[in-house]
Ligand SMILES: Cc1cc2nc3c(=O)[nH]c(=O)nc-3n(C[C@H](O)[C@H](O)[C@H](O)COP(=O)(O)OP(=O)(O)OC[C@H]3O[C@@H](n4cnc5c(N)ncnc54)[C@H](O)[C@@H]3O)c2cc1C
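One chain comes next, on its own, written out as structure tokens in the form predicted on its own.
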């Protein structure tokens, strides 16, 4: 296991823990913005959503500029497990109940088209990224009932996905699963950062421009430009592809909630496990509206070993204490499960967490930002960021070019879904968010700053909250603990060594630098409180 130093700048990745992706490929860096620029389309974010949108627009003949505040893939694409699937984590039976048979069919068509587009780009652009077609298997969580799989079998057949019910014991690789399982053919996987590097290179060959380490300030968009590194970018259209939209103050943040998800990676002997994708149906007894589930895949590593990548143990960002299980303790839960179901698993060589945005009505948001005809957003990926970000390239290109697309209604950011299950989720999530403002009245995390260990932090004071980080040398650094987005009190994440906002998911390094939106600015330095 690597010995991580705190991440103080977020340039390579948005957490302290490195991932098996960031450690096995050199992320692309381009020049920083150093002059004013005009373009047809500015894309903010160089993850899979931003680069796919940029690539598709460039293929369509548009002049496109990409702005990225870190390196290529330094956001959540570099912290994914990279399942490329039309097997959605919000089941088709649920999607059908919310959006009807047509909506569910469009969900299936769009995610299937995304898998095909990734494969086509890999072939056309000669990207060596370990892309592989393979089967996926959905099996029951111990808290769930077989009816879930029966309903999903019927719903997937309605939308044209040719699933097959199999016995859990017949699934390749995995052990200890009895009862039925649902097989999804023609899913896929790849190395996400190898793919992004190839996609970036292809985009540049098409005449696109990428500026890395270039922080975009969208507050100036109402004046017709984006301020970035002190320069002006003047686009006709803007696409915000920053996981959580940094252009929107409130509207979209009532429609989705941030969750942290955890990953461990074990070495296994080369070829010991037949490659596949595995998911369970989720913990039906979870305290969270969005039920966490286990998800697993393999990945080529070296001549001796493959990697076995297992994710899960999700919770709302900044609210791990609701389950009385700290962020750093969740990896043990994953390891126990992994060794039970994959006895081939050897040494744990990587661990990290990432952030996903969970929409209240299951489907992501791709399209015009509500109330703004010149701004498009991509967000609400849930656990399907690879396909969601890819289909955004197809859909947004059509929208900007004035071409009708049958998926537009399903992914419309301005939609309102008034079905009971989505209203219930909305109420639960908003109650969870609003209740965080009580944190102003809570006592300090520690009675004395001396109780803060080197390399850790605490939130102190009442009602004026201060985030105090103690560096490895023992010196204290203090920042306002109030998130500059909507004023929630941030919480210390001792696993990724970051300050996380429990309301809308903004995240800041131990030195207060913003690494996740929707916040646009850093935590303001303040005087260290008297001890």
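Numbering follows the first chain given and starts at 1. Since the structure is predicted, the reported quantities are computational estimates derived from the model, not experimental observations.
Unshown form predicted in complex with this ligand; subsequent notes refer to it.
Q: Check residue 79 for me: does it contact this ligand in the predicted complex (non-hydrogen atoms, 4.5 angstroms)?
A: Close contact exists here: in the predicted complex, residue 79 approaches this ligand to within 4.5 Å, heavy atoms only.
Q: Determine whether any heavy atom of residue 86 comes within 4.5 Å of a heavy atom of this ligand in the predicted complex, and answer yes or no.
A: Contact with this ligand, no.
Q: Quick check on residue 381: any heavy atom within 4.5 Å of this ligand in the predicted complex?
A: Because a heavy atom of residue 381 falls inside 4.5 Å of this ligand in the predicted complex, the answer is yes.
Q: Should residue 355 be counted as a contact of this ligand in the predicted complex, where contact means heavy atoms within 4.5 Å?
A: Yes, residue 355 sits close enough to this ligand in the predicted complex that at least one of its heavy atoms falls within 4.5 Å.
Q: This ligand isn't shown here, but in the predicted complex, which of 395 to 403, 324 to 332, 135 to 143, 234 to 242 has heavy atoms within 4.5 Å of it?
A: Among the listed stretches, the partner-contacting one is 234 to 242.
Q: State the residue from 214, 110, 156, 290 whose non-hydrogen atoms include one within 4.5 Å of this ligand in the predicted complex.
A: Partner contact (heavy atom, 4.5 Å) among the options: 214.
Q: For the stretch 45 to 69, I need every residue with any heavy atom inside 4.5 Å of this ligand in the predicted complex, listed N to C.
A: Contacts from 45 to 69: 45, 46, 47, 48, 49, 50, 67, 68, 69.
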